[in-house]
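Before any questions on how it binds or moves, here is one chain, the form predicted alone, in structure tokens.
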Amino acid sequence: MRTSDRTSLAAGIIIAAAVLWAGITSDMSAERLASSGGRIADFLGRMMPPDPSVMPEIWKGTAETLRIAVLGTLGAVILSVPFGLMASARLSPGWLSRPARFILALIRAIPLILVAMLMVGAVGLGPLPGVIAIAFHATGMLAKFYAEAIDGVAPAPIEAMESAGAGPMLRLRYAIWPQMAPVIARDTIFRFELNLRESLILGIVGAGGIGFYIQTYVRSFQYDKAASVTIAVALMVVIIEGVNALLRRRLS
């Protein structure tokens, strides 16, 4: 048996064992799922018809969610530029790029909700902790994208400028940036879409946005109002995703 075949077989056995272990140790049964149908139907029935009287709250929450996503993305871009430069193996020495990449991986490992809860405790309720949490958490991914965009450019223009005595910043400006600009724009737009989706749930921990109203209405058993907010959230996500897809196609 070839080495590649043995590797594939071992990987298949590990995956099958993991699925089997998860299925056996989880408290899952068809009976429980079948018995939940009535409760789900009752919950959905309480949400119908949606209550349109909450439109002022929907507009307010939607605007706040958009502000959190926009400002959080801006903060992430500002933080990601220096971190991306430091994490780039092409521009930075190993003693700098490796620790920078480790820090970015550590940031990505921290759940957004945990960051938001810490920020709520530090600066209080409202959109500010949401903006800080989004900016911090998104930097872990966006700076990694920026570093990979730098490392993925064609080396010939960089080597030509380096042989002419150009420093790192000149190489970045004239040899690297023209190649990576479309990738940077695409990744930033994609991250904004993710930030918008994540900011929708920050209201659950008091970090502002339309998620605050969903939590309020559900906890007070006003399911018809929660349904209206949920529909508004779904429409906003669909619209933003369509706009982002259009922008990404223009940039590709």
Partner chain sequence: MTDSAIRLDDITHRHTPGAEPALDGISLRVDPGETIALLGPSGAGKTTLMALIDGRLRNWSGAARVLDEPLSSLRAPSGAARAEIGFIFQEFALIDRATVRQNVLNGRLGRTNAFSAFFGRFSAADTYAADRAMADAGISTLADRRADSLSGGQRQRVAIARCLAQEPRVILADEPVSNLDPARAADILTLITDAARQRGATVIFSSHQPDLARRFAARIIGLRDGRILFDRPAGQVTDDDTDKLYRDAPAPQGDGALRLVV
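In this text, the rigid core denotes the largest set of C-alpha atoms whose superposition between the two forms falls within 1.5 Å. Owing to the predicted nature of the structure, the values given are computational and were not obtained by experimental measurement. Numbering follows the first chain given and starts at 1.
Below: the form predicted together with the partner chain, not depicted.
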| Hey, in the model of the complex, does Leu118 get a heavy atom within 4.5 angstroms of the partner chain? | no
Self-check item: Residue contact check: Leu96 to the partner chain in the model of the complex, 4.5 Å heavy atom
Solution: no
Would you check, heavy atoms only and a 4.5 Å threshold, whether Gly124 touches the partner chain in the model of the complex?
no
**Study point:** is_contact(Ala175, the partner chain) in the model of the complex, heavy atom dist at most 4.5 Å
**Key:** yes
Within 4.5 Å of the partner chain in the model of the complex, heavy atom basis, the matching stretch of 65-73, 193-201, 211-219, 179-187 is 179-187
Q.
If the criterion is a non-hydrogen atom within 4.5 angstroms, does every one of Ala10, Gly12 and Ala16 touch the partner chain in the model of the complex?
A. no
Note: exactly one of Val81, Leu114, Leu170, Leu106 sits with a heavy atom within 4.5 Å of the partner chain in the model of the complex, namely Leu170
Note: exactly one of Leu85, Val77, Ala166, Met141 sits with a heavy atom within 4.5 Å of the partner chain in the model of the complex, namely Ala166
In sequence order, the residues of 145-161 that place a heavy atom within 4.5 Å of the partner chain in the model of the complex are Ala156, Pro157, Glu159, Ala160, Met161
Large Cα shift (2 Å or above) at Ile176 between the shown form and the other one, core-fitted = yes
